[in-house]
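One protein chain, two forms: both are listed below as structure tokens, the first as structure 1 and the second as structure 2.
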Structure 1
């Protein structure tokens, strides 16, 4: 029959409309951003649609959500910290929109390069949040942040993040992505154990008496 497809489509729309109110009654008294109800409403058990009243209400951010990159540093007991970044430039090379700029440090006496960035800039308006910089970093020095509320009226300097804005402690990354952090630290511990075993083996061979 002519127009049967239109009627079928309207029927689907009407069903979703009714299911939305049925779901609202089912989850009456529960906030949408409650993890238990949210998992059901966004999963296969949810039938209707719902609206989150942002910014008063916010959906929980998934652990592997990625936005603007940031730099990691290791904190020391004496209050100082070591940058993981060695200014190798790999992140800038693999960045598709070319939004990363790095200025390398030089020793003032010898003039030789120092494995530490003197300046590090990311244009967050150009960044496409792909995560290539974090994926290709050989030193686990750059990770992706969860902070997505970065809008401002300043379209120039406010959206050029320098090293001061990008620097974050390892504890911050651990709070954002505990699963990945635990896996990375396990691999790091295994590599350190291999290096220590290799050094100990080399030391024992060097200390062994030479047969004449």
Structure 2
């Protein structure tokens, strides 16, 4: 029959329409602003209304989500910051659009370079969020952030992030990416142990050469 194709198609829309009410009923008023229902609605079995009620509820960012990098520092017991970055320059070299600027600092006495950046800039109007800097930094000193709510009224003053703006504590990173953080800490601990073992080995060799 002519028109049956259209009718069948309209059946599909009707089903979607009804689904949204069925779904509402199923959740008994708990449909919105509730993390458990959000996950269900957004998953493969979700039916009915698909909308995330931003900004009241937000789609959770997955751990690996990448947005504008930041720099990590360890907090020393006395409250001062210990930058992880050694200003080795690898991130600046690998960055595809070349939007990282690093100034190496020099020891005020000897004039020799020290492993600390004097300045660190990222132009976020160029950064393509590729994540290479985080991927190839050998010291886990730069990581990709999750904070995407960065809209601003003025870019000339606000969109070149300097070190102060980029610096964030390691604890923040650990909360963003717990899995990655744990894995990295594990590797670090292993390396430390290896180093310590080597040291002990060398020390024992030095102390008791006859025993070997």
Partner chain sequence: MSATAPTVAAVPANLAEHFPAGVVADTRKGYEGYVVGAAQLLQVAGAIRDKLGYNYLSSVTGVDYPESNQIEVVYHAFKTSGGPGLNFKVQADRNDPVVPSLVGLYPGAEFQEREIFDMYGVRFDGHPDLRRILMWDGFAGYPLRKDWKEPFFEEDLKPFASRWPGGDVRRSEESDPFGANVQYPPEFDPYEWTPETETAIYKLIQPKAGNGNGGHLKTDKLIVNIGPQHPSTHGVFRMVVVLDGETVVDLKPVMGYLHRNHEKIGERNTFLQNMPYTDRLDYLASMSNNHAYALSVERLMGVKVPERAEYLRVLMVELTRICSHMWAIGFLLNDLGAFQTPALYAIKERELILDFFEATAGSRMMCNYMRFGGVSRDLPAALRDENTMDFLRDLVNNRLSYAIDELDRFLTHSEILRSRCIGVGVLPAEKAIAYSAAGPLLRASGVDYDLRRADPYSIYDRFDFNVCTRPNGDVYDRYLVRIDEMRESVRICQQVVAGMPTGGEILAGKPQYNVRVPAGESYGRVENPKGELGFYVVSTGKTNPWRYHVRAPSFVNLTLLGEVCKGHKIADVVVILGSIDIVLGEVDR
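Residue numbers count along the first chain shown, from 1. C-alpha atoms forming the largest set that superposes within 1.5 Å between two forms make up the rigid core. Every value quoted in this text rests on a predicted model; they were computed, and no experiment measured them.
Asks: Here are two forms of the same chain; which is the form predicted on its own?
Replies: Pick structure 1 here.
Asks: Using a rigid core superposition, assess whether residue 178 undergoes a CA shift of 2 Å or more between structure 1 and structure 2.
Replies: Not so; residue 178 is displaced by less than 2 Å.
Asks: Do you see a C-alpha shift of 2 Å or more at residue 169 between structure 1 and structure 2, with the core held fixed?
Replies: False for residue 169: its C-alpha shift is below 2 Å.
Asks: Align on the rigid core first; then say whether the Cα of residue 14 has moved by at least 2 Å between structure 1 and structure 2.
Replies: Comparing the forms between structure 1 and structure 2, which are aligned on their rigid core, residue 14 does shift its C-alpha by 2 Å or more.
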